[in-house]
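Only one chain is shown below, in structure tokens, and it's the form predicted alone.
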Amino acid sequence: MSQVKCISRRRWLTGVAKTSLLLGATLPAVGYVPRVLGAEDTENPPEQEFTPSVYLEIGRDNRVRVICHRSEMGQGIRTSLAMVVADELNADWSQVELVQALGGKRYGSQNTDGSNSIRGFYTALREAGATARHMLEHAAAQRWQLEPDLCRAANGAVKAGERSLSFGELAELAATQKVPDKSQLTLKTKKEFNFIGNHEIGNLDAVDMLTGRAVYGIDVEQADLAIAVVVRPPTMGAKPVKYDAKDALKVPGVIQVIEMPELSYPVRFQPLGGVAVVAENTWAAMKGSRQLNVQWAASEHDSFDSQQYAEKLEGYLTKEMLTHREKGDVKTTLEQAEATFTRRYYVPSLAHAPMEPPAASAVWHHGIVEIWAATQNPQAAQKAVADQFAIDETQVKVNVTLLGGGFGRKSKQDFVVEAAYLSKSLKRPVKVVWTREDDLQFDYYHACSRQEISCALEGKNITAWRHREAGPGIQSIFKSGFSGIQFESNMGMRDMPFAVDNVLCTSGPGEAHVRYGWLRSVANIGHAFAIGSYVDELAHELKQDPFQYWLDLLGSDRYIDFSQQGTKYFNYGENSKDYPFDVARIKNTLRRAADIAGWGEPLPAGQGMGISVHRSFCSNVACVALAETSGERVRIKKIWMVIDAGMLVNPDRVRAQLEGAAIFGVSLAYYGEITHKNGVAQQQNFDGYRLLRMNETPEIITDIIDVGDPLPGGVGEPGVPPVAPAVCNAIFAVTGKRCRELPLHKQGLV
């Protein structure tokens, strides 16, 4: 089996770090290089290993190895998962190390998406740690001939009076103990936690990341590894009819030119097709790809123009194709209302643009294809490759590297299938490298959306709420000819929380001309922008304070049962008993944000504030933005972010996620837009798809609400949705200019 190692630039970085001063870094006490756990390790663990769970093993060497089944892409999930297991185990944190799991169904879902790594596995991981603790204590009791109740695990050892045995000394004997039933486990109370909720725990991956030892998808090297760059069709579905393979092969280092399989529908996670140039090194592959001069056949999407499409969506708003929520009689109430208020909003298509573009390596041996990939979902990678080659998923072995960002892009496995296809064709290991141009032009884009919100007014009271939307949906990659949105309505539309008697939420058509997929916080981006902006507009129309008007619309403290509100609500896969839609907590989050930002206090001339709040992924986040004028332009000077996510495992990472969400949200609001003309994406690099720069980044203040909820909500995504409306509301407060379409730079405001 080939060994993973770092490429030369990583070795160079490591050398620099040895002789350089690293400032401002909080590092854990232990540095290490996590190993990869393969199927053979869990099915036949070494005798000295104590493996009470697929998530944990303890060896004679006294190391506590937490097996991470999720993908690390900068969010700190490997450290957070380790904290949960180690806490219930009562481990010594300095002895904890990470083991990255291969793709495998034994771990449950490995899709690191939907802000559910902690939410979905918090209890299971606690039980894994508690199981090991129980068995270690019983092993010590057997050794000492004592009652198990007299033996207690603490700080990496089991003690009884003056006697003490380390976990390593007990590992073999513990492995012979009967695995306890869940009813026999005693989980800790919140007061007993050592690691969970601890602000001082360092990131276990930090040393490797800062010293260059961390291995990302693009860093993988193997013996005889070839590098491939794929020239993909500029419009979806186009096929190559002519290309200059001879010219590409003249480039020193180029090995072979290989035509990729044609795209079929539905597109799912297939490669787009095109022509690959395979070479001995990355530079040769890139240079060779520029010599191909591919001519493409016509595609049904050649006429796609995003500007014309946005205009078409205006007409689609009234073509109500699906009803997502209906309560009362909205039509009659609107017709008979004292006054009505209607506004339309638009969010364009967006790219993921992670710092590390997609990258994957593959090698075939003895009927098995082994993958190394920066993937958010190794199980999906197994299935995509197995489907491509009509083999069993057990014949696909997926090693998960670190991810240089993901935001949902790397849960789509087209780049993994490309590597497997080219390795099989070439009969040698191949790494597929995506350039930044590839990343932006061939993404699974966040879908654009056009929205209209109307309300019926009796004085200052809303008596009817109608929310219409038109745009393409994510299901279009799974269902040929699918038009419009469906499940996306769950994310901020059908779960609108206002106390209104008559509600109607509908959507119209929206055909797909490119690949669409989920981006960090998914459809909450557009829905929160529309609703958060609309509330502010309505407040100003009625001469109300926007913060107070939010509270008025939210109404009394209550749990909302959406089954009684004319809709079915998926609640991000959680039951409403454990994760209720609690209006009181939404209001409390909003109040905290207003309080720490000093809402209502006098501001200097040329400054204004905007506010918004949103519930997503079973958490609540409120945002206040402070805008100030700078000549003819406006800058966001400061942002306050407040989260209520229930039980927080790793507060340091939660604050980091809020800070990142603020930057992500402001960046999208300022600059985020992918446009197409004649079917071709017009943005090719960061000169066209701008990201927020350091000098544009506002000061960010974060705050965490602890309401005593024993269950954790999502963290990675909920911070993004309220940012754009808060920013636009702040801009209105200081300029009087209302922004109903993003991005803001097109309006000359930023």
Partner chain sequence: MIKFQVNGETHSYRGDTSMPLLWFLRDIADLKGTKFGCGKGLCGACTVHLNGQAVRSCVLPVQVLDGQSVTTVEGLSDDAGHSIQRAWQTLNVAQCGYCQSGQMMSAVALLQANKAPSDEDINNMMSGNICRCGTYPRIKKAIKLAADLAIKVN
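Positions refer to the first chain, counted from 1. Just so you know, these numbers come straight off a predicted model, no measurement behind them.
This protein has a second form, the form predicted together with its partner chain, left out of what is shown; the following refers to that one.
Inset, instruction - Quick one: find which of 182 to 190, 453 to 461, 621 to 629, 219 to 227 has residues within 4.5 Å of its partner chain in the model of the complex by heavy atom distance. - result: Correct option: 219 to 227.
Inset, instruction - Work out which of T506, T333, N203, S349 lies within 4.5 Å of its partner chain in the model of the complex, going by heavy atoms. - result: Contact check passes for N203.
Legend entry - in the model of the complex, the residue from G212, P261, G168, P240 that sits within 4.5 Å of its partner chain by heavy atoms: Contact residue from the list: G212.
Inset, instruction - Decide whether T697 counts as a contact residue for its partner chain in the model of the complex under a heavy atom distance cut-off of 4.5 Å. - result: T697: contacts its partner chain in the model of the complex.
Legend entry - Contact label in the model of the complex: G405 to its partner chain, heavy atom within 4.5 Å: Because a heavy atom of G405 falls inside 4.5 Å of its partner chain in the model of the complex, the answer is yes.
Inset, instruction - Indicate whether V64 is a 4.5 Å heavy atom neighbour of its partner chain in the model of the complex. - result: So V64 does not count as contacting its partner chain.
Inset, instruction - Using the partner position in the model of the complex, report whether D113 sits within 4.5 Å of its partner chain, counting heavy atoms only. - result: D113: no, not in contact with its partner chain in the model of the complex.
Inset, instruction - Check each residue of 655 to 686 against its partner chain in the model of the complex and list those with a heavy atom within 4.5 Å, in sequence order. - result: Heavy-atom contacts to its partner chain in the model of the complex: R655, A656, Q657, E659, G660, I663, F664, S667, N685, F686.
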